[in-house]
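The chain that follows stands alone, in the form predicted alone, written as structure tokens.
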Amino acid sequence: MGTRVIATVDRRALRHNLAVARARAPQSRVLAVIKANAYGHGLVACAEALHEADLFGVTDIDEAEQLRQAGCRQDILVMQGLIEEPDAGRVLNGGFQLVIHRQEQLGWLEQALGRQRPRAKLTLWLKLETGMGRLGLATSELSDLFTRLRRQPWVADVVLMTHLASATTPDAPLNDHQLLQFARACQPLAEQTPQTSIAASASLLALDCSGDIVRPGLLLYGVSPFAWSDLSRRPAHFDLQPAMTLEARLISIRQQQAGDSIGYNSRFICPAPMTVGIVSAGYADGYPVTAPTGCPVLVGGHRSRTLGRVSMDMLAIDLTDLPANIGDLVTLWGPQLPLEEVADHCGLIPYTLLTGLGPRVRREYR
């Protein structure tokens, strides 16, 4: 029967989606966001597939060092910055680019520079808080800090960045507010022609705010960041190709009678005689426990549905009137069953499903 749960990742789809990102901002460099194990797709394998990206974005130094150890030669941006003071020395050793979102991080970096020479001159990204309410320097801090850093002999370049909070709702007034705040903060520095970075996946697809460097993440994996109910912004509208197919084995087929209960807490009661299959995947593998009865699956290319509560290692599906055999693979999401649709059924966002895949899910690449 082989592996219980398999996530197959299509490298061609990854490359195609990178080309879509480039076409959306042809004058910009592309930072491919492969943080969080490349959104569950596999950090090193996706970096290799996306080698034509100009640079990579990761969450922390652990991910950056993992890429370097695997032979990655592209520039790597540590997007969450320094978590603690010793991280500064690791940045200097690795030659990584670094986001600065509070002054203390810059102090740690300067202290490390007093003890060791950097591997190369540093590129620093100053992240501005313009309305996200999360991380970032105050816009009033920008002008003096930018000018001071540009004068340092150990600085190669300084990039100005911000992150839009409501890009998945393109008409939200907050988008215009944040873009205005960012523009006002950058205006005094216009003669120094700083590089800027604003657009991530949603804003790259739906707003005109690219900047010199764009930061596609979710779209690289062929997933739309917009609500499934937004029919005009589904993946096909943007020519995105889903990169992952998640499948699991059918390990049991039973004939159930009217009144029989299925799974924990009897959340599903058979209304009539039914054929019920048990699939060897559950919430320990990353399939959401929030999935209600009716969440779509594919059996031999035919659509079916889940039944009852998802267990740790198993879930039940309706096989009534469907041809199926023990050992068959059941598709939980993939090109013919959009991840966005599954997430919508579960009351989740697609990011949650991808990044929640468990370590026992086998990843294969084609």
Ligand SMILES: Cc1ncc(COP(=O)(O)O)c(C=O)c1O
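Numbering starts at 1 and follows the sequence shown. Since the structure is predicted, the reported quantities are computational estimates derived from the model, not experimental observations.
Another form, the form predicted in complex with this ligand, is not on view; read the next lines as being about it.
Choose one stretch from 325 to 333, 31 to 39, 48 to 56, 304 to 312: the one whose residues place a heavy atom within 4.5 angstroms of this ligand in the predicted complex.
One stretch meets the cut-off, namely 31 to 39.
Using heavy atoms only and a 4.5 Å cut-off, decide whether all three of 20, 206 and 238 touch this ligand in the predicted complex.
None of them does, since no heavy atom lies within 4.5 Å of the partner.
Does this ligand get within 4.5 angstroms of any non-hydrogen atom of residue 161 in the predicted complex?
Yes, residue 161 sits close enough to this ligand in the predicted complex that at least one of its heavy atoms falls within 4.5 Å.
Do residue 291 and this ligand share at least one heavy atom pair within 4.5 Å in the predicted complex?
Outside the cut-off, so no.
Should residue 215 be counted as a contact of this ligand in the predicted complex, where contact means heavy atoms within 4.5 Å?
Because a heavy atom of residue 215 falls inside 4.5 Å of this ligand in the predicted complex, the answer is yes.
May I ask you to state whether residue 100 is within 4.5 Å of this ligand in the predicted complex, using heavy atom distances?
Residue 100: no, not in contact with this ligand in the predicted complex.
Quick one: of 115, 121, 134, 254, which gets a non-hydrogen atom within 4.5 angstroms of this ligand in the predicted complex?
Contact residue from the list: 134.
Considering non-hydrogen atoms and a 4.5 Å limit, which listed residue (262, 128, 246, 79) is close to this ligand in the predicted complex?
So the residue touching this ligand in the predicted complex, by this definition, is 79.
Using a 4.5 Å cut-off on any heavy atom, which residues of 187 to 211 would contact this ligand in the predicted complex?
Counting only heavy atoms within 4.5 Å of this ligand in the predicted complex, the contacting residues of 187 to 211 are 200, 201.
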